[in-house]
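A single chain, nothing else alongside it, follows as structure tokens in the form predicted alone.
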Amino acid sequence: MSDALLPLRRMMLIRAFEDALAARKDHGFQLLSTGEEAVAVGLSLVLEDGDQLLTGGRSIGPALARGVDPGKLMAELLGRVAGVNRGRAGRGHLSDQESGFFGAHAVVGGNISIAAGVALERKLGGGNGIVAILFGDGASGAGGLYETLNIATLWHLPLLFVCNNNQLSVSTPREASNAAKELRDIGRAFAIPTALVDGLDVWAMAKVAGELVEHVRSGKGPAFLECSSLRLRSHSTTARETRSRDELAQLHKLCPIKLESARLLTEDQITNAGLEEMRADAARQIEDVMAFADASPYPEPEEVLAHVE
């Protein structure tokens, strides 16, 4: 598989993983990233082994893109002991620092200030690893974001702020939840480099994110990236979809997997048969993922108070 096909393969894996999870009756409360895969994959393409990524509660896609083991992740989401956190964290607090995924946070905006702490540790430790915090437009009005931008700028922290603007805070349009004309204007107020990128284009995402990552990695302080994307599912597995079928049908035409597939076909980098094989390969991987998770038991009751202080 050539490097040109790697982003599509990763996006297909995320989609297959989440579709399989959502199809189960025991899926639990999940926030899925259908339509936002290019943001997670494009960002992860430019992060290195020594870097750490933090996210909000919509963490499954970013965790997979960062390299968290799919089998252990599925086991975690299903509450099994083979999970990356022994089934105790779920998607709201899962963490795998060895993979460069420092962790998720179920509270909107809750991980933004924590990311500053991780970045401060990197700066004081003298390492060259950077930190990226991925949050949604729903967190763009949180006070913690502005406080963190302030201290990150004052202290020149190696921190990249990545706002995944999927246009909705649950069902509230972005324009009704934040007064900024553009969300990247938030970063401009602190005189740090900012950019707006098409979050449906995985290569554009990687290019622009890579430029800001280079700024942060060179010791010049934080940067702010706004990614314009779309959420093609309802807010959560328990939330009612508020958009009409016609509206969703139009939005699905902008699916990043469809867009990348079409580009590769147009440029003769893949055939229709090749695309089908990639989809089939993703499906086979997820079958193995499910088998691994289902083979793992639930935690024993005696574990309920473990790691609780």
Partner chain sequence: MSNDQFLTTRMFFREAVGRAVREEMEADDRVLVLGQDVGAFGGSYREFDGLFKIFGPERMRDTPVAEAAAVGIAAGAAAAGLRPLCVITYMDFLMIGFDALINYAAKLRYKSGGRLSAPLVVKTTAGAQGQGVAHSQCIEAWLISVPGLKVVAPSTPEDAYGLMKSALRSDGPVVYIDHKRLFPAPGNVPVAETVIPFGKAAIRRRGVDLTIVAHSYMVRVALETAGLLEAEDLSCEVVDLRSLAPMDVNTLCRSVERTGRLLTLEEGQVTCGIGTEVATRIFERIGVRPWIRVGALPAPVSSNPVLEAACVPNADRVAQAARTLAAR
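The model shown is predicted, which means the values in this text are computed figures rather than measured ones. Positions refer to the first chain, counted from 1.
Not on display, but discussed next: the form predicted together with the partner chain.
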property: Heavy atom distance at most 4.5 Å to the partner chain in the predicted bound form, all of Ala89, Gly110 and His307; result: yes
property: Sole residue of Ser171, Asn128, Asn150, Thr238 within 4.5 Å of the partner chain in the predicted bound form, by heavy atom; result: Asn150
property: Proximity to the partner chain in the predicted bound form, single hit among Val118, Ala139, Val216, Val197 (heavy atom within 4.5 Å); result: Val118
property: 4.5 Å heavy atom contact, Leu154 to the partner chain in the predicted bound form; result: yes
property: Ala189, heavy atom within 4.5 angstroms of the partner chain in the predicted bound form; result: no
property: Partner contact for Ile114 in the predicted bound form: the partner chain, 4.5 angstroms, heavy atom; result: yes
property: Contact of Arg184 with the partner chain in the predicted bound form (heavy atom, 4.5 Å); result: no
property: Residue stretch of 205-213, 141-149, 161-169, 226-234 approaching the partner chain in the predicted bound form, non-hydrogen atom distance within 4.5 Å; result: 141-149
property: The partner chain in the predicted bound form - contacting residues of 75-114, heavy atom within 4.5 Å; result: Val84, Asn85, Arg88, Ala89, His93, Ser95, Asp96, Gln97, Glu98, Phe102, Ala104, His105, Val107, Gly110, Asn111, Ser113, Ile114
